[in-house]
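The chain below stands alone, shown as structure tokens; this is the form predicted alone.
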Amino acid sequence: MNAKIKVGILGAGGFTGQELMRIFARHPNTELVYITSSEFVGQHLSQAFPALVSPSTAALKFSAHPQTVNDAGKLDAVFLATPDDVALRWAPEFARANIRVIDISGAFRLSDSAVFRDYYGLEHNQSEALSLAVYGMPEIYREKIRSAKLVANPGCYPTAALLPLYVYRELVDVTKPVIIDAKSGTSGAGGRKEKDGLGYSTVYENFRSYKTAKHQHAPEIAQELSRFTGTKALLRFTPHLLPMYRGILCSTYAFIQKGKTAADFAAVAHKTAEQEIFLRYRENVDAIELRHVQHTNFCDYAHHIDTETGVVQIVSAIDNLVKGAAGQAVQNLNIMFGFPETSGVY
């Protein structure tokens, strides 16, 4: 497809929505024509976010969230950077109108509606749309994403944890507890807006875990880890809040499958990095730093084998707003419309 496609963003005023607009300002195959926000209704983009204005977006004006799909005008694709309940309502509506949907909320990530209710506190009343949703991790589900009407963009923590685990999926034993120790900047922990407890005065010179007993990304990680290993995975996930704005660094500990060697780990790590443009293997876990991935769509990863315990430590890093949200979402769009996966993202 050579012609530019028309795209819209519901929730464009939030952290992820802003990142999407930044990407579309340089995307050669898209035209951003529709943006909504409950906070900036009626304002031109130049008023609300002067730094995001480009020649192609100078005339854009924030609308209220639509009352009907027709309010969005003629779109080829729409991004839902909204709260879960808003996405739950609108994703099926747009999909039925033959507008391809990339949902960045958590509304369609979990296949079990009972688990969704338990972790998100919402009734999942869109069973037909849920059955159509494709989990939007390109490195795993690329072929399904090509024809998908509705893509459930992965969470930021799951992206950081699952991508390297997928690389080593045949080498780790997920029937024994997989321990995921993850640290995020406030834009990942806060979602779309600043919240109490995430302001500068609270996070500065501070470090803490949060939602330790029950975080909504834990069942998402367990679901996908179980899927691509073919075994019900045991998981312990703990998120922490870093005193910085963007980035996730994840340390994962897993037992090694019997008979697997250091050479096996090195071989799959190198092979995957050669095949996947946004996965970068580092030879040393100490080389994984957030500054190397910030403002990019890359996931850096490395491993260290502890022969004494039989445990492999996998360290990975992503930008939660790019590979963990907007960048991966646009990567999915590129796959859906036959564009190079690097269009607009790098």
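Treat the numbers as computed from the prediction; the structure is a model and nothing was measured. So that there is no doubt, residue numbering starts at 1 and follows the sequence shown.
From this point on, the text means the form predicted together with another copy of the chain, which you will not see here.
Engineer: Each of R26, T238 and F255 near another copy of the chain in the predicted bound form, meaning some heavy atom within 4.5 Å?
Structural biologist: Verified in the predicted bound form; spot residues all in contact, yes.
Engineer: In the predicted bound form, which of the listed residues (R169, R142, R208, H270) lies with a heavy atom within 4.5 Å of another copy of the chain?
Structural biologist: The option sitting close enough to the partner is R208.
Engineer: Is L150 close enough to another copy of the chain in the predicted bound form to count, meaning some heavy atom within 4.5 Å?
Structural biologist: Residue-level check for L150: no, no contact with another copy of the chain.
Engineer: Answer yes if any heavy atom of E308 is within 4.5 Å of a heavy atom of another copy of the chain in the predicted bound form; otherwise answer no.
Structural biologist: Answer yes; at least one heavy atom of E308 falls within 4.5 Å of another copy of the chain in the predicted bound form.
Engineer: Looking at the partner-bound form in the predicted bound form, is V285 within 4.5 Å of another copy of the chain by any heavy atom?
Structural biologist: Contact check for V285: yes, within 4.5 Å of another copy of the chain in the predicted bound form.
Engineer: At 4.5 Å between heavy atoms, is F228 in contact with another copy of the chain in the predicted bound form?
Structural biologist: F228: no contact with another copy of the chain in the predicted bound form.
Engineer: Given a 4.5 Å distance limit between heavy atoms, list every residue of 295-323 close to another copy of the chain in the predicted bound form, or none if there are none.
Structural biologist: Read in sequence order, the residues that approach another copy of the chain (within 4.5 Å, in the predicted bound form) are H295, T296, F298, H304, D306, E308, T309, V311, Q313.
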